[in-house]
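Quick heads-up: it's one chain on its own, the form predicted alone, in structure tokens.
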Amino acid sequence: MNRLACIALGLALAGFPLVGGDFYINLGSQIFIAAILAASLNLLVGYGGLVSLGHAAWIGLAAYTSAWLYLRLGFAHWITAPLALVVTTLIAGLFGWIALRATGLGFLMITLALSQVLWGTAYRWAAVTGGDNGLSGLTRPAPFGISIDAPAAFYYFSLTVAILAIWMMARFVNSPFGAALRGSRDESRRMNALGHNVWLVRWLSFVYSGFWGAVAGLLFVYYHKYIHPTALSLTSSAEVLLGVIAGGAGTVAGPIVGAAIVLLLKNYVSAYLERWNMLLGAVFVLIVIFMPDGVVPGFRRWWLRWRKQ
């Protein structure tokens, strides 16, 4: 049944550009980008028990690095992309080394503070980041000589990257290392007693999460062809965290569903409601009340209950 559902979903996603207009195709691309970012945060929140309020730092840092190398130094995309991933992953390693000196609320506050340092730098260092004007004039790459400028082409490109990213993260959490990460979440003292280096497990997971956040950042800047400091803002980090919690932290599909809910409310409902964020808050409250574990675990529980009747 699960295999048939995956095949049906794959066919629906592959055929969507054939029936959808450009607005909906672009919206689908944005959902794929948000899904990668939410899934990367879920590695920390759902499987590591580490709630971060600074995850937008990776999407902004990778986007700014790629844009600056392209616009200021004239590097080609095949150079800027790996350099942006390396720089962002190295910064994630440094931030993880600092933030993981604490857990719980302390960890949350440190990640928030570090991300705000980057956000403030993006605003103030106008010579590099363009300040409040951001960086514009970017182009999209042409992987293997294939143009992805058209909405449908970029949709398939982002879909391919999203499938690869989520598959890699799913393999990560289902590996023995993923089991050690879950163990550090549930029984950190026992894991230490068993000889596991809990700090190292969390740090490597933090770095891995930052890497996939950087991948989302590259897709983000390729989609918009523009980057602004708001990409690093607290609001952006909160939206990602909201998507993870609403969809179901600690599940593979949860962050994808949660990211889709947030993006649909933000980009579609906002065209009809001026105070769309109030509706987002109301939806989140309803999810917490009726599905405290998130949408995906909630529907799974309802489905199993219905089948038993």
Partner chain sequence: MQFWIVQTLNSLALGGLLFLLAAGFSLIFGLMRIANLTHGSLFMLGAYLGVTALKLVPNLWLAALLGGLVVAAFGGLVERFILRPLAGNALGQVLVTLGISFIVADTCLIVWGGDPIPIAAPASLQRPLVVGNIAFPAYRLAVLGIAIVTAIALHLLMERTRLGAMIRAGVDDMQMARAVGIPVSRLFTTVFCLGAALAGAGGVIGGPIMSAYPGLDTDMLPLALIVVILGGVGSLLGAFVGSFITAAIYTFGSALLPDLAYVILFLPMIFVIAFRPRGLFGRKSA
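Heads up, when I say rigid core I mean the largest set of C-alphas that superpose within 1.5 Å between the two forms. Just so it is clear, the model here is predicted, and its values are computed rather than measured. Residue numbers count along the first chain shown, from 1.
Keep in mind that the form predicted together with the partner chain is not shown, yet the notes after this line are about it.
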**Request:** Flag V51 as yes or no: does it have a non-hydrogen atom within 4.5 angstroms of any non-hydrogen atom of the partner chain in the predicted bound form?
**Result:** yes
**Prompt:** Taking heavy atoms only, is V288 within 4.5 angstroms of the partner chain in the predicted bound form?
**Reply:** yes
**Request:** Consider F284 of the chain shown here, and say whether it contacts the partner chain in the predicted bound form, taking contact as heavy atoms within 4.5 Å.
**Result:** yes
**Prompt:** So in the predicted bound form, does L280 come within 4.5 Å of the partner chain, heavy atom to heavy atom?
**Reply:** yes
**Message:** Using a 4.5 Å heavy atom cut-off, which of 91 to 99, 77 to 85, 140 to 148, 169 to 177 contacts the partner chain in the predicted bound form?
**Reply:** 91 to 99
**Prompt:** in the predicted bound form, do W119, L234 and L241 all reach within 4.5 Å of the partner chain through at least one heavy atom apiece?
**Reply:** yes
**Message:** Which residue, L164, A193, A113, L200, is the contact with the partner chain in the predicted bound form, using a 4.5 Å heavy atom cutoff?
**Reply:** A113
**Asked** Of the options I245, L43, I256, V262, which one has a non-hydrogen atom that comes within 4.5 Å of the partner chain in the predicted bound form?
**Response** I245
**Asked** On a core-based superposition, does P292 travel 2 Å or more at its Cα between this form and the one not shown?
**Response** yes
